[in-house]
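Just the one chain here, laid out as structure tokens, in the form predicted alone.
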Amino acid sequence: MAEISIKKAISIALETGRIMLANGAEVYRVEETIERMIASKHSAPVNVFVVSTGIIVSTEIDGDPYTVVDRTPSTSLDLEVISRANAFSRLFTDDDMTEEHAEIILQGLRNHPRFPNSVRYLFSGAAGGFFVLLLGGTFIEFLSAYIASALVVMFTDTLTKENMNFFIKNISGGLLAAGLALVTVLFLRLFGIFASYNHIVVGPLMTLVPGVALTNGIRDLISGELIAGSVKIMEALFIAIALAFGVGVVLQLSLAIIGDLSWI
């Protein structure tokens, strides 16, 4: 059974960390995983430095310094991929895995199966709609928030595919969420049905709130990763500001066009 060379082991560990970071893993978890994988195949000290957008690994091979830098943009959030990468790292550490076997598993992580968009939009709508029920909303408000949430997630997915700046993307998401909620309230009023704007707008906005980024930032701070944790929290803060800005623009325009909004 051919042993994995040191450089190849570093490359596999770096790729595993890159996959975890790109799918929303905490920085401290990525650092621990890479360090553990390399240390299992290499006796020299290993230094791993990870920030939200990149990984640096430094060690010595045959007495010569060896450093690898990898830029890793965070593209999505997928806890299943993180879990699979964690499981792979433990298998890599504990077993005498061949290079071919490791590459097959890594290929599976790179091209992991994703839920169809129709399923994602279906459950995104449910997530937004049930928040309305938690706040005491009615069935018609739940239904309105369900549709608005699915449309907002569909819209932001399209902007993501177009590589839209994250700040502009979230402003647009806030605009659409507030606009759909307002249009729905006005439309229902034509049929004599009262629905609360405050209840409906919460649903689609909750699908955009950066709860995981904020949680990961706090966990990184607690773990001593001050730079990465601060960056994550700042990202969450700017997303929240963008959403508030988008909603604010719709409310200001509505105030200017319709006038008194206290009835919605």
Partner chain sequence: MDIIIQSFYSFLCVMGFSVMFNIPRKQILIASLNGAIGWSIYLLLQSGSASFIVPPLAGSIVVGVIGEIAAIKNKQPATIFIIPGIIPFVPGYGIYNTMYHIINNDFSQAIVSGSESMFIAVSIACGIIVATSIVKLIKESLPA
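Residue numbers count along the first chain shown, from 1. Just so it is clear, the model here is predicted, and its values are computed rather than measured.
Another form exists, predicted together with its partner chain; not displayed. Remarks below refer to it.
Asks: Give a yes or no for Glu225: in the predicted bound form, does one of its heavy atoms lie within 4.5 Å of a heavy atom belonging to its partner chain?
Replies: Flag for Glu225 set to no.
Asks: Answer for Val201 alone: is it within 4.5 Å of its partner chain in the predicted bound form, judged on heavy atom distances?
Replies: Output for Val201 is yes: heavy atoms within 4.5 Å of its partner chain.
Asks: Any chance Pro73 has a heavy atom within 4.5 Å of its partner chain in the predicted bound form?
Replies: Pro73 lies outside the contact set for its partner chain.
Asks: Report yes if any heavy atom of Arg114 sits within 4.5 Å of a heavy atom of its partner chain in the predicted bound form; otherwise report no.
Replies: Answer yes; at least one heavy atom of Arg114 falls within 4.5 Å of its partner chain in the predicted bound form.
Asks: Only one of 163-171, 185-193, 95-103, 128-136 gets a heavy atom within 4.5 Å of its partner chain in the predicted bound form; which is it?
Replies: Flagged stretch: 128-136.
Asks: Using heavy atoms only and a 4.5 Å cut-off, decide whether all three of Arg120, Val212 and Leu251 touch its partner chain in the predicted bound form.
Replies: All of them do, each having a heavy atom within 4.5 Å of the partner.
Asks: So which of Val48, Ile38, Met206, Val231 gets a non-hydrogen atom within 4.5 Å of its partner chain in the predicted bound form?
Replies: That would be Met206.
Asks: Just one of Leu109, Leu143, Val153, Leu176 has a heavy atom within 4.5 Å of its partner chain in the predicted bound form. Which one?
Replies: It is Val153 that has a heavy atom within 4.5 Å of the partner.
Asks: Where, within 238-252, is there a heavy atom within 4.5 Å of its partner chain in the predicted bound form? Residue list please.
Replies: In sequence order, Ala240, Leu243, Ala244, Val247, Gly248, Leu251, Gln252 come within 4.5 Å of the partner.
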